[in-house]
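Next comes just one chain, in structure tokens: the form predicted alone.
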């Protein structure tokens, strides 16, 4: 039996950490968050530069079909509706991404476009979302030719730049994240709820962490305090009799015992322009030219008027020591290596690993929030069980 078990240490003040912290604090837990960086909100952190609210670590767009997630977040921020649209530079023209009927109209002559749209509609129906792998397997030569075109000009170049490996080495699930659509719907996402926090993500998470039961230590490397000996957790030299929620890289937690998990990182270049706007939409992708993958104009996410704007160029790079790990490189070998670390973590009572890095999964923001909400409820139930046994 454990008495007065009300303490939780959370490693990382990103989305998973902030959500978990607030729910547990409301349940009466004393929560301590250790964050290596000098700010909260993790990769969703945003800040003002020249009156433009920039997303420091790349675009973060909120979308979900889960009403419970929306209800929770609305306690800490107002939201405004925003439907994300992306254009990709294909053969010198800007076309909607995901590739759809409008993309076909722009890139092909009217007669050929009519044939292609008719073929797609006949084969897959209207308003379908077709993974490129499935499209490439079509037995119709006309559809196959289109699939080869889309694969070559939309997927292959972008995938090679983004992941630093050939597309055939990338896990199939990654390639299926952006489908081909048999419609004129040019929204990047199709979720029921698509919106942005009115004052930005940092302000929302700051309110979330504003609770008497939450203490935050910024610029604090948890490795200096958190140690694993055998199957036990020690904090600052004392054996822990509580919970730890870990949101960092799993290989780092175990000091790279089985080797390093590979990630991709990013480099950003900001370019100020004395214009109200430059791009036609917030994000333009460049699958085939340049070493950057996309340009973002974050000002277009805002409702405020300014006389200037900032373009952000995004360059994928290998993740080396000191770089921020953004994307797990998902394939069978890397998943096998991760599972070795996950097996060790599973043997440590009170340790929970959650989030993109800790689970070595590419999650959307709403998926991370859902998982953090579920984990917090599980911890509350476990704590109650221990108290009453």
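Residue numbers count along the first chain shown, from 1. All values reported here derive from a predicted model rather than from experimental measurement.
Just so you know, the form predicted in complex with a small molecule exists too; it's not on screen, but the next bit is about it.
The partner is not drawn, yet in the predicted bound form one stretch among 66-74, 22-30, 335-343, 38-46 has residues with heavy atoms inside 4.5 Å of the small molecule: 38-46. Contact with the small molecule in the predicted bound form, judged by any heavy atom within 4.5 Å, is made by just one of 329, 61, 53, 353: 61. No residue in the set 114, 133 and 180 has a non-hydrogen atom no more than 4.5 Å from the small molecule in the predicted bound form.
The small molecule is not drawn, but in the predicted bound form it has no heavy atom within 4.5 Å of residue 295. Taking the partner from the other structure, the small molecule in the predicted bound form has no heavy atom within 4.5 Å of any heavy atom of residue 375. Although the partner is absent here, residue 139 is not a contact residue: none of its heavy atoms lies within 4.5 angstroms of the small molecule in the predicted bound form. Although the partner is absent here, residue 365 sits close enough that one of its heavy atoms falls within 4.5 Å of the small molecule in the predicted bound form.
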